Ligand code: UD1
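Read the single chain below, which is given as structure tokens and is the form predicted on its own.
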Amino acid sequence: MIRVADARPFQWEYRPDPVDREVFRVEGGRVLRGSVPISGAKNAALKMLAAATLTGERCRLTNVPEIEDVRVLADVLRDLGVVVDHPAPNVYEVASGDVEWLFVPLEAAAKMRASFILLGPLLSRFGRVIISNPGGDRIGRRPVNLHVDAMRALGAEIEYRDGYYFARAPGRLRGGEVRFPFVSVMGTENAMLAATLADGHTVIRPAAREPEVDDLIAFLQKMGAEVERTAPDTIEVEGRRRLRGAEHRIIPDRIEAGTFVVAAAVTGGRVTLEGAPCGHLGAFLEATSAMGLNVACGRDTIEVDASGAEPGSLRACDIATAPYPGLATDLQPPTCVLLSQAEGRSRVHETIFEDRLEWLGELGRMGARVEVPDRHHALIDGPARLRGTEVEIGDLRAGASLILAALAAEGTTTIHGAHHVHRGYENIDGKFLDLGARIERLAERETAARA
């Protein structure tokens, strides 16, 4: 057995050309009303695009979110020689024949950390791959050595030179035991994808329990893979020689759903989320219930009614992020916006990423009363009177959360760095407009010209 070691590799960050930068301009004080459709899950769709390279047959994915991260990964696959078609909105078809250019360049990895999910399937199917150290949001340490050592546990030979991992699998990957030092979602997925074509039996533990992981398992099973969750923290895989094409519908995005729950709450609105994964939001909905928010779950809907709530009617609540089924770290930023409107002091414990609380400085610029005594803890006193100002987005989830704060604020807020939000939210400004918000997306240069 090889234990997967911890590490802290160099992190690249994607920064778009200033000409391409965009801003959101939001006029606060509008009550949101109506219905909003919840898009497919970003964190499931990306992994299934990668999984489709495990077979030469065509795979068809539906309910794929129209977001920048999906577009980037599709382009990376095309550059490798994979046929990726986009025949209709939210539909992608992938056919991986004899891919020969097994090289994922720095440019792709710097744009999106999730490109590293290609390591497992490409190595397992084609026996070799060269892949760059990934980039992504700057929210703290996310060691890719967990992935690399998982591949080594399955018999891969991997060297790191000049910012690239050179990986090869002599003959065929071999089944084995992959044991992580802590739960890693993408580490679990990479190991699982690699094991599907390995020779023999693989056991992965502790395996991530997120709904997106189980959705990936369901897709792999349709492809003919022998993969099963045999215990809450254990996934076992019996390697197959080849897999077949399959069709699969991506599950709804629980993080987007949580974002719109908060949007309705902080604007005093009444909003119905359509196609919402209520069963995947247990810890988050427990927190909103403890705060006194009126949320009702249907079979595939979530109804939020804050229309009759008085200012300060929400109660302070202590939250801590944790791997699923705990409160998702991606839902911590929008929850913090909600806590800023609750009566009393709330305590936030971010257990996953050490830099994820940095964005609270921008929330403070809008009038929130926030203290961050260390990199993992924050104190939020409410209710705060938020005011429109200029703020800067630092990462995807913080960006969406600043939009939420701007919707609740008095006056107009200009939010720089809109490209972060486009990475993970489909048509977010259009969805808010349909609910009655006043939000527009502008080019950075256009904003400067108006100033």
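Being a predicted model, the structure only gives us computed values, none of them experimental. Residue numbers run from 1 along the displayed sequence.
This next part talks about the form predicted in complex with the ligand, which is not shown.
> With the partner left out here, check for me: in the predicted bound form, does some heavy atom of F182 sit within 4.5 Å of the ligand?
Yes - in the predicted bound form, heavy atoms of F182 and the ligand come within 4.5 Å of each other.
> Using the partner position in the predicted bound form, report whether H280 sits within 4.5 Å of the ligand, counting heavy atoms only.
H280 lies outside the contact set for the ligand.
> When the contact criterion is heavy atoms within 4.5 Å, does S132 count as touching the ligand in the predicted bound form?
Taking the distances in the predicted bound form, the answer for S132 is no, it never comes within 4.5 Å of the ligand.
> Within a 4.5 Å heavy atom cut-off, is R356 in contact with the ligand in the predicted bound form?
Flag for R356 set to yes.
> Run the contact test on K47, E210 and I352 with a 4.5 Å heavy atom cut-off to the ligand in the predicted bound form and return yes or no.
Contact check passed for all of K47, E210 and I352.
> Please pick out the stretch from 357 to 365, 306 to 314, 108 to 116, 283 to 291 that is in contact with the ligand in the predicted bound form, where contact means heavy atoms within 4.5 Å.
Stretch 108 to 116 is the one.
> So which of C336, M186, L122, A257 reaches within 4.5 angstroms of the ligand in the predicted bound form, heavy atom to heavy atom?
Spelling it out, the residue with a heavy atom inside the cut-off is M186.
> Using a 4.5 Å cut on heavy atoms, which of L216, I302, A156, V144 is close to the ligand in the predicted bound form?
Exactly one residue meets the criterion: V144.
> Would you give me the residues of 299 to 334 that have any heavy atom within 4.5 Å of the ligand in the predicted bound form, in order from first to last?
Stretch hits, in order: T329, D330.
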